[in-house]
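Just the one chain here, laid out as structure tokens, in the form predicted on its own.
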């Protein structure tokens, strides 16, 4: 399908388009033309990814400047899904091309996806490792510049990675043919041609038109410094599924230190000391050379080329990096080791405290200076100095130094940032624990810090998701001004989903997950009876969400004692999500099998867990979603309290406003799993009396809110069941009405809509001219100028 938005030719890979997709594309184009940022909320399952890609690829191919697209998604399956969608779009564009030149231009378009070494490694030994950190370390041992240099001069003296070596023999810009490559394709290409998939993608990044990767590669300064440094300023950045983007920003600048980590760091410092002594005996010139370079004030002991095997990059944001020489008291290797030892010992002493401590970075630094005489300036260079030292000593198996790396990052961050950060030392894991297990949280309170460089560097940033209501919260929290801020309703010829709010059980007892009543037997029993009744009437799969793992455990135990689980088992099998990723994926697989073979299943899961984020329950895998309670965060958490206080003081966001917003976006994210397209249908059940309040419902996305009727917003269990049965009976009738023209547009419908838009624009223009002609009877500018004002 080919149509025009203004003068931009859009090629869309389907013969029909949803009205929302068209509206979404128009707003995206407005944003790109204005080179500004935007926040867009598009209903789940209405083809957001394909609309984004169709418009941006058309925009890239039409304009000679050819801006690059950086598309960030949350999980590896989502990255793979976006790449598959892009591949299909490009195949369609090639088939639509009229001339040979156009075909050539479309065929040369290039798109790649990047993920961690663990997912892309094909080295027979290294790829067997389970942990990502170990894969990274072993990969660096085989591929870092010093080892490669040695191996080439004296073949066979050191182990090298053949796949990485083969890559070095090729031209930098043509490591892989043009086209769109999914992660699976890149892996296959690497196996067939004996080249390393991970470094292929890393080195091809400056040459591709579209790169798809995870949020962290752009938001986390430790990774962004290595991966995204080369990206041009006019690139278009898209954060898809960005409803939790503020949490990603905060995580990328926060560090937690535990007792075992400090012990491990102390051991690493000891090892470094031994290594230095050893090198002094064998190759003292090396240390002297590094010292001379640091004295000369060079930032690094190497040149400024991109360092692919850097052990650690600076955890600071680009604007905060100091462009000056490393201070004298940590230039010498042995002095730096002594400095680290002192700092680690200081942190260990701090952890012996048995009461909670919360302090600002400034008071921490003051205390540190009083006790150990360590000043702020050398601390700022800790990460950089460690990086230089690791390179000089040519250390192997760097995963063993991970804790020391964390301590160095901690030192650099704590010495650099004053505002928007807090140090919290919690001596016990829980409030009633008796054995200390201290954790030192260096926590970032301001999400706008990590994303600020992205907004400043790139001209267009698009933040989009199915559930980011209320929209005005994001510009406030992330401190930017969007040129377009829009949420779209969902056009359906018949209601494909039914949102219901159950406020009380059949016995008229109000149900809620509020802390005071959450374990009340009547409430627990009513929650259980909702599950039993729905397991009787809903075919195939039901997904139930709870606010937290703890609450789910206590309720499932209570249900077991009450015999409720046995009742559910008569109708469906029960599977449970646990914090362990492997267990959860097995449960999911079996849940799907039970839904497919007709036995039906219930999946009990947790809001903010793995299931609520990236997993789709389309068609028979999710015919009803039950949301038991409002998924508020644990409000006693000290880190959350500190963050709320900061938001209140810095951005005038009230605590209740932020907590309500956070709970509702998570609830919307959970119930949105049930609807993955316009041909899909399902029930959304909100089981908590607080959902009936207008202020809570107003925070739900517009496309869910538009279908909550007044009658369905305050129901008892039996009334809700009657409505659900009625809904399922009507949805199972054969829909005679044709969707075309209402929720599906053909090319003619688009042209009609465009003609109507033009008419409205002309009318508005005329009415404005009429107003100007008659004026408002006030004083015009010329008269004002002539006034003689005695001031």
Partner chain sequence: MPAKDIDFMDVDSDSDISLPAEETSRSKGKGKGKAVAKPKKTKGKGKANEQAYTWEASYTRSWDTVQEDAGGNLQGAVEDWMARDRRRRLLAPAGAIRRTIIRHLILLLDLSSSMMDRDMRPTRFDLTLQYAREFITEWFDQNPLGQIGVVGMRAGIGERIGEMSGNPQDILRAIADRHKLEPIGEPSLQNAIEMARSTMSHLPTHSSREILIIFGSLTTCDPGNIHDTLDDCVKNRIRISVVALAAEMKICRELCDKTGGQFGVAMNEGHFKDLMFELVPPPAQNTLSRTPGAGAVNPAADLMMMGFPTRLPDTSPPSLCVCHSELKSEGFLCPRCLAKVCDVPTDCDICGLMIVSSPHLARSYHHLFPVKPYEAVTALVDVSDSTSACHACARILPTTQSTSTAAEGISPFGRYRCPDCHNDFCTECDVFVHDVVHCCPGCGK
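Every value quoted in this text rests on a predicted model; they were computed, and no experiment measured them. Residue numbers count along the first chain shown, from 1.
A second form of this protein, the form predicted in complex with the partner chain, is not displayed here; the remarks below concern that form.
Trainee: Taking 170, 176 and 188 as the candidate spot, are all three within 4.5 angstroms of the partner chain in the predicted complex by heavy atoms?
Mentor: So, no: the whole triplet misses the partner chain.
Trainee: Should residue 327 be counted as a contact of the partner chain in the predicted complex, where contact means heavy atoms within 4.5 Å?
Mentor: The answer is no: residue 327 has no heavy atom within 4.5 Å of the partner chain.
Trainee: With the partner left out of view, is residue 481 within 4.5 angstroms of the partner chain in the predicted complex by any non-hydrogen atom?
Mentor: Residue 481: no, not in contact with the partner chain in the predicted complex.
Trainee: Does the partner chain get within 4.5 angstroms of any non-hydrogen atom of residue 295 in the predicted complex?
Mentor: Residue-level check for residue 295: no, no contact with the partner chain.
Trainee: Taking heavy atoms and a 4.5 Å cut-off, does residue 513 contact the partner chain in the predicted complex?
Mentor: Yes, residue 513 sits close enough to the partner chain in the predicted complex that at least one of its heavy atoms falls within 4.5 Å.
Trainee: Name the single residue among 375, 400, 289, 520 that comes within 4.5 Å of the partner chain in the predicted complex, judging by heavy atoms.
Mentor: Among 375, 400, 289, 520, a heavy atom within 4.5 Å of the partner chain in the predicted complex occurs only for 520.
Trainee: Consider the chain as shown here, without its partner, and state which of 140, 643, 678, 572 has a heavy atom within 4.5 Å of the partner chain in the predicted complex.
Mentor: It is 572.
Trainee: Given that the partner is absent here, state which listed stretch (381 to 389, 531 to 539, 403 to 411, 77 to 85) has heavy atoms within 4.5 Å of the partner chain in the predicted complex.
Mentor: One stretch meets the cut-off, namely 531 to 539.
Trainee: Can you name the residues of 472 to 508 that have a heavy atom within 4.5 Å of the partner chain in the predicted complex?
Mentor: Those in contact are 503, 504, 506, 507, 508.
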